[in-house]
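Below you will find one chain, with nothing else, as structure tokens; this is the form predicted on its own, and questions on how it binds or moves follow later.
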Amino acid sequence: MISDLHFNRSGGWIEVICGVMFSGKSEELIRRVRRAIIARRKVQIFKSHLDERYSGIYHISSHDGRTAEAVPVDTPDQIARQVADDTQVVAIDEAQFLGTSVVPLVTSLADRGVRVIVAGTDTDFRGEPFGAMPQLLAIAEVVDKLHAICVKCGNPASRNQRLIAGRPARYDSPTIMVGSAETYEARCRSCHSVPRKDEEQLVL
């Protein structure tokens, strides 16, 4: 994990925390935010309004119950309008929901000296790149990819298994469907299952 001492405090940079659901992304984001606050940095936290799990729309929450207050937004432009001139750290959770314009936003913030911490799911339920996460990974100074535990075999999980009525969702299901343990499981590559475009849901 990143150490604050690795970078000049007067400069900006981008950190990306990515991985599957249940891998601890929000928990790690909250940990970094709390350390920045202890270091007396001015911090602002934003999240996609689509994520209302656990503590509601005005908090980011980890699956283990940790929370931090956050401003819900629909677009990166809303973040840009709300970042104060003296803010030193900007944290953004669930960045995969915010569209490709999040890339120039975080770039401009880093260029003006802000430390930007972004967390998001890097692949969708099909195992394919999700939203702007690939571009964010490419431009970040630091990337941490976290893994969960596969519920089928116990190996490191790198895929989000979407379930509908207990069975793998069809390939053509909507890309965005917010849910938790009742809708998703963490699985490894071998145990992850998505029907082909011409198949119905599989029974496993």
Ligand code: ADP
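Not measured: the values here are computed from a predicted model. Throughout, we count residues from 1 along the sequence that is shown.
As for the form predicted together with ligand ADP, it is not shown, yet the points below apply to it.
Q: Residue-level question: is residue 148 within 4.5 Å of ligand ADP in the predicted bound form, judged on heavy atoms?
A: Residue-level check for residue 148: yes, a contact with ligand ADP.
Q: Although ligand ADP is absent from this view, report whether residue 161 comes within 4.5 Å of it in the predicted bound form, heavy atoms only.
A: Residue 161: no, not in contact with ligand ADP in the predicted bound form.
Q: Taking any heavy atom pair closer than or equal to 4.5 Å as contact, tell me whether residue 26 reaches ligand ADP in the predicted bound form.
A: Residue 26 belongs to the contact set for ligand ADP.
Q: Check whether residue 21 has any heavy atom within 4.5 Å of a heavy atom of ligand ADP in the predicted bound form, and answer yes or no.
A: Although ligand ADP is absent here, residue 21 would touch it in the predicted bound form, with heavy atoms inside 4.5 Å.
Q: Within 4.5 Å of ligand ADP in the predicted bound form, counting heavy atoms only, one of 149 to 157, 132 to 140, 163 to 171, 37 to 45 shows up; tell me which.
A: Result for this chain: 149 to 157.
Q: Which residues in 107 to 136 have a heavy atom within 4.5 Å of ligand ADP in the predicted bound form?
A: The stretch 107 to 136, when checked against ligand ADP in the predicted bound form, contributes no residue at the 4.5 Å heavy-atom cut-off.
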